[in-house]
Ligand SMILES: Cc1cc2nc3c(=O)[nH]c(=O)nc-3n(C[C@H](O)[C@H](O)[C@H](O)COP(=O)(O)OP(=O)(O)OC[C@H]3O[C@@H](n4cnc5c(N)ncnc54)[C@H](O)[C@@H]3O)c2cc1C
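Next comes just one chain, in structure tokens: the form predicted on its own.
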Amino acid sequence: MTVSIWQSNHPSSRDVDLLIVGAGLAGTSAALHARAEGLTVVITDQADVAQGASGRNAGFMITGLDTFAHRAVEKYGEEQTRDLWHLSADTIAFWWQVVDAAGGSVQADRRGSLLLAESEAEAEELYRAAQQLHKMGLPAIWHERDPLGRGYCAAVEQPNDGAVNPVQLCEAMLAQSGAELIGGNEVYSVQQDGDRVTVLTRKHTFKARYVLLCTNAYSPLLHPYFGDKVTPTRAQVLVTEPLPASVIEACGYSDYGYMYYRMTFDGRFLLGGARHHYREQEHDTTEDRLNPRVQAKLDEYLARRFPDVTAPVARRWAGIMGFSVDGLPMVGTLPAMDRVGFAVGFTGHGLSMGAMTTKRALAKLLHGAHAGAVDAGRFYK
């Protein structure tokens, strides 16, 4: 992130206990957790609350990672996988607490999710995933046939999942945290000297006791440490005009998680995904623009699986996610800066993992606690 000398030639100085960089799901949940630590918190963002990927996602609160549970065991081990899935379940439980405390200002419902198989091979994978979820003590209902009647092969239902308006969720956490938000304020330097961190931004020079970076896809622009660990990746979505009736009651996920769909709270059909058809174009980019080829794939999928959705498309958009090198969120402190922590690399699953990941990030930053499966120390073993 860069700022010209003319944009920052008169910054005022601010002292703060905890400065959080990034006002998305991670940053606002971290601010809410910080209340328990008795810290004064300021959140700063180059734009405003939930104006990055957090406010552009599909609003799916789905338990787990972007891989099936049994495949996660093969990749990360049984103990780590159990930790990750329970961290995800706890994150979703935390969102419900925020929603309940918001007193009706956050649109959300416990509609559950359906992980759907596009082929017999994927159905076999889903069955094995359901068995692993049962083994870990998590709810999963196996459907050996398509519960939607739309040509899918099988499904796993996760009843505790749900849908949310992610912008309203972030706004509620900001309000409940009592943190101050300074928007429109790019950060361009973070340096630690002893027990103080100096953060240069367009509007202020901050002198902070602690800093937590919740910058996800944009982390490599802020510090070179993230250059080989977090890759910006574009996702795309479309949403129709309101429909006369709902066509799916759950959050739907299929094609190994590359396609996803739900009804919005005002009766529209939302469809996202298809980036795997054009990986090279959608990988390693911070360009907030539509790829016509990806959008064409979404249109094709809509016509094939949901031909009864005939309402015109009302809007299409893109969001930039932060993918970690191994698919797991990253929690740690920057080299030689033990008072600068981070919670990044959510790999498209900020709503699945964000809240409890940032809780662990604060515990590591403030108290030196190990962050479990999401601890960035895994890269140095």
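From 1 onward, residues are counted along the sequence shown. From a predicted model like this one, the values you see are computed outputs, not experimental measurements.
Form predicted together with this ligand: not shown, discussed below.
Checklist line | Stretch from 346-354, 31-39, 325-333, 308-316 whose residues place a heavy atom within 4.5 Å of this ligand in the model of the complex | finding: Result of the contact check: 346-354.
Note to self: this ligand is absent from this chain, but in the model of the complex, do Thr81, Ala130 and Asp255 each have a non-hydrogen atom within 4.5 Å of it?
What the structure shows: Answer is no for this spot.
Item checked: this ligand contact at Leu25 in the model of the complex, heavy atom, 4.5 Å -> Because a heavy atom of Leu25 falls inside 4.5 Å of this ligand in the model of the complex, the answer is yes.
Note to self: Taking this ligand as it sits in the model of the complex, is Leu115 near enough to touch it, meaning that at least one heavy atom pair lies within 4.5 angstroms?
What the structure shows: Because no heavy atom of Leu115 falls inside 4.5 Å of this ligand in the model of the complex, the answer is no.
Item checked: is_contact(Leu18, this ligand) in the model of the complex, heavy atom dist at most 4.5 Å -> Leu18 lies outside the contact set for this ligand.
Next item on the list: Indicate whether Val187 is a 4.5 Å heavy atom neighbour of this ligand in the model of the complex.
Entry: So Val187 counts as contacting this ligand.
Next item on the list: Name the single residue among Leu222, Met259, Ala172, Ala179 that comes within 4.5 Å of this ligand in the model of the complex, judging by heavy atoms.
Entry: Contact with this ligand in the model of the complex is made by Leu222 alone.
Notebook entry, point to check: Does any residue in 204-220 get within 4.5 Å of this ligand in the model of the complex, counting heavy atoms only, and if so which ones?
Noted result: Cys214, Thr215, Asn216, Tyr218 sit within 4.5 Å of the partner.
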